[in-house]
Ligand code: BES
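Only one chain comes next, encoded as structure tokens, the form predicted alone.
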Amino acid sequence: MPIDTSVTLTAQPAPDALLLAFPFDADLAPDAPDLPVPVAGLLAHHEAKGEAGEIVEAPFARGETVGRVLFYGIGDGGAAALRKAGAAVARRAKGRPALSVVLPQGAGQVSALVEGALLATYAFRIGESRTKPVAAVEFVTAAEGAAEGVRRGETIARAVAVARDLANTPSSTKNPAWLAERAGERGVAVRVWDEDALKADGFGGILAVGQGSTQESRLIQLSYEPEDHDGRHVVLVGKGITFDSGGLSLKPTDNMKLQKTDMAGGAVVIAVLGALRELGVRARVTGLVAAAENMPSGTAQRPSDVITHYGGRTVEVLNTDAEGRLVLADALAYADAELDPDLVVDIATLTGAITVALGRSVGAIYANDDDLAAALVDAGGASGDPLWRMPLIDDYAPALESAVADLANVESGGTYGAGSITAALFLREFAGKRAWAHLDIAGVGRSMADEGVLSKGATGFGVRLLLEWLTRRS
């Protein structure tokens, strides 16, 4: 569900506020609530250190009622610390009608605290929620420029929530056609290829992956072109597998339970395109989402089938559970041949191997351009979606050789291993000679617990880093 918590900005807390949050070192205003003990003594009693996310709570009298003050630590005052602080405060306010948050003095990244607070209110549930997030948050500051920071933080958080919603939606509802309909709601121009159009234009990878399902495949193109376009063109490509059973190379049941989120990369692309205008991005951006459902049936593709991708490259399918690269290959080849972008970035929950390599806190980036890689890594660190650059090892390319086609979709002999690297090498074959980066978010695309800015389920990883990168380029 979208973030339901409303946001306002004011110079003074509401006079009847019953839940207020102050940073540890705040100079309390003369009209601040009277506490039963001095603030300094209260913090000393709790041995408070002011670390990001640390909270000390105290009651105060408000007429005949009792309110609560939350003193929150902001650590070093950097963006990561402020996101953590905002999330901690918002989680403490669960179920409350309102929360007033006095923003830190001199904190240069108001947007990060706002973003953290709103992301922590996100939850996805079908049916009545057991607990509800705080209904309204009032951010309090008189600092110049704070309104822009609050607006940016709210815009980014709500974009992340869009991506989470799309990925968390059960596949009993979500199919490629449904995903295309949701893309059409993001306020940008949308073009959709149905199966007849995919066949006519030669998108063999998308069609092959989806041929075992009763749900028809789609290619979704979203186009953002600002009025003050700066001449640059970026293409974002997202994997949109709305459910991945593995096909005839069937996954174990436990691995299959999470596969409604296998279109998380496509969700990120849809969410990012919908936020660009509000953030003033001046580059032209095209989003491509290659959407299919990978199911076993009498019509499913078989191991050893050979498919022809957009542009004519042939691929021997040795494992039908390596399907994400097949749909992405079509979209990358189309972008290279038809869209003439300056840069291409694809994002996908692509390989279990990257989860083994990097765990669930850091995403992987592969790139054929050092400047592009450095810019994305820097944007990831600043935004809270961290990336680690992985190598494109050319010596591993023979892993993708096929005796009957131009390429195989996986290694057959087990000589090389490195499944995430060889998957990236496969995608590189379709990206052309232009600057390209591949983000493998299989480990970071899902969270197993409610913690900090994350809620159990889809994380929306990639939305914040791509918006940070694109706004910096503007």
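Keep in mind that this is a model prediction, so the values were computed, not measured. The first residue of the shown sequence is 1; numbering continues from there.
As for the form predicted together with the ligand, it is not shown, yet the points below apply to it.
For the three residues D321, R325 and T351, a heavy atom within 4.5 Å of the ligand turns up in the predicted complex in every case. Contact check for E293: every heavy atom lies farther than 4.5 Å from the ligand in the predicted complex. Proximity of L425 to the ligand in the predicted complex: non-hydrogen atoms within 4.5 Å are absent; the residue sits far from the partner. At a distance threshold of 4.5 angstroms between non-hydrogen atoms, T314 is out of contact with the ligand in the predicted complex.
The closest non-hydrogen atom of V69 lies beyond 4.5 Å of the ligand in the predicted complex. When the ligand is considered in the predicted complex, only one residue from K132, R151, K251, R282 comes within 4.5 Å through any heavy atom, namely K251. Proximity to the ligand in the predicted complex, taken as a non-hydrogen atom within 4.5 angstroms, holds for one residue of D346, E115, D330, D244, which is D244. Considering the ligand in the predicted complex, the lone stretch of 298-306, 385-393, 255-263, 76-84 in range is 255-263 [heavy atom distance within 4.5 Å]. Using a 4.5 Å cut-off on any heavy atom, none of the residues of 362-392 reaches the ligand in the predicted complex.
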